[in-house]
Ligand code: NZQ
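Below you will find one chain, with nothing else, as structure tokens; this is the form predicted on its own, and questions on how it binds or moves follow later.
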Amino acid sequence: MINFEFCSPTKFVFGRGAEVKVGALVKQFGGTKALVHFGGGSVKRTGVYDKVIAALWDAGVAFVELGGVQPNPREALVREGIALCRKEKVDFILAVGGGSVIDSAKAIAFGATYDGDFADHAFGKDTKVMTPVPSALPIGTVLTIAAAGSEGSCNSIISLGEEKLKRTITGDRLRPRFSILNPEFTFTLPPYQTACGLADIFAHVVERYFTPTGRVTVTDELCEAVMRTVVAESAAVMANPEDYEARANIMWAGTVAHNNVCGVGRAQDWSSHGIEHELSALYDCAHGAGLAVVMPAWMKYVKDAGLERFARFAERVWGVEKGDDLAAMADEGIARYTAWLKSIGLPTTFAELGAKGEDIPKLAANLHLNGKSLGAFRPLTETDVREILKLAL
């Protein structure tokens, strides 16, 4: 296990009716006037918006609103939100939605307090290192999609400019002060969105699980438990979208998969996410769907770098019988992972996603590796990335 620092200050309020506390929580964390940030209107159709607004009124919290967040949230709306916060003297950002809404809210929270351009801190744009943001307005979330884990993380992913590049802004100041998690708010999600969320949660754990760091027993066991839970509950929730216990387990799995409790003390990979970000930036596909295409291909390409780890993944997560042929175990584990993704209705190939093989050189080049490597489990060059994407055709 390697040295680490772990900061997870978010207050989580979980369960039925948790949203009634949102106004009091905004006040508790210093908010007097909030920006209520949301997506394309589903929160209004489902009644979530009305419940949140009622709680703000009851607590005497003033607010302005900004809707319109799209999947793979856009730079333009972030800039609109920054300008609105400054004009209205907003002192709190309240995100009502899923990961895209929360990521957009985080970028606004930073930009509203920053004298320069918020994109100056976007890793992979002009900066070559992850520079934590120096300031941000306090943020709260009301989660409606279990997927991205942004309700407990320190990151924001934003699509920047005409180049269609997804880039990361990070820092502990972007961790929400509180997050409201009511599993009932996920009942109305379409099956495809639910499936994309399941794939995203699972992938967040995979990025931490496949590590070159040895003797990380506690987090290995945590990772395996979360992955098994996501798989086990997926069948129940796809069969019955209003299965509260399945939704509850998935929602909490999404949070612990990405607040880094499963990742401390170990080198993490994140190459599959880096590769996928270029897919969803170029094609505007769902992040979870892109991961369902990229991650099995990544596994096939890098498995020889750690057959023992892949064999353990196969045995502990997918129930593959333990044997002496580690390569065969690894292949079977990857096959069962891919079969699970298909079983919940996700694409696993370029063709199924609507991506084009001729774009592979552009997708790899957009990572801007410039001779550097990507990932930690098996560091990848731009050539490696192209080969992985070819495996996904």
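Given the structure is predicted, the values throughout are model-derived calculations rather than measurements. For every residue, the number given is its place in the sequence shown, counted from 1.
There is another form of the same protein, the form predicted in complex with the ligand; it is not shown, and what comes next is about it.
Contact stretch among 221-229, 260-268, 131-139, 182-190 - heavy atom within 4.5 Å of the ligand in the model of the complex | Flagged stretch: 182-190.
State yes or no: in the model of the complex, is some non-hydrogen atom of G39 no more than 4.5 angstroms from a non-hydrogen atom of the ligand?
-> The answer is yes: G39 has a heavy atom within 4.5 Å of the ligand.
Close approach of T213 to the ligand in the model of the complex, 4.5 Å, heavy atom = T213: no contact with the ligand in the model of the complex.
Give a yes/no on whether V302 approaches the ligand to within 4.5 Å in the model of the complex, heavy atoms considered.
-> No, V302 sits far enough from the ligand in the model of the complex that none of its heavy atoms falls within 4.5 Å.
Contact label in the model of the complex: S153 to the ligand, heavy atom within 4.5 Å = Yes, S153 sits close enough to the ligand in the model of the complex that at least one of its heavy atoms falls within 4.5 Å.
For this chain shown on its own, do V61, I108 and R177 all sit within 4.5 Å of the ligand in the model of the complex, going by heavy atoms?
-> No, none of V61, I108 and R177 comes within 4.5 Å of the ligand in the model of the complex.
Identify which of G171, G306, P71, P241 has a heavy atom within 4.5 Å of the ligand in the model of the complex; exactly one of them does.
-> So the residue touching the ligand in the model of the complex, by this definition, is P71.
For the stretch 194-213, which residues lie within 4.5 Å of the ligand in the model of the complex by non-hydrogen atom distance?
-> Going through 194-213 in order - heavy atoms within 4.5 Å of the ligand in the model of the complex - the hits are D200, H204.
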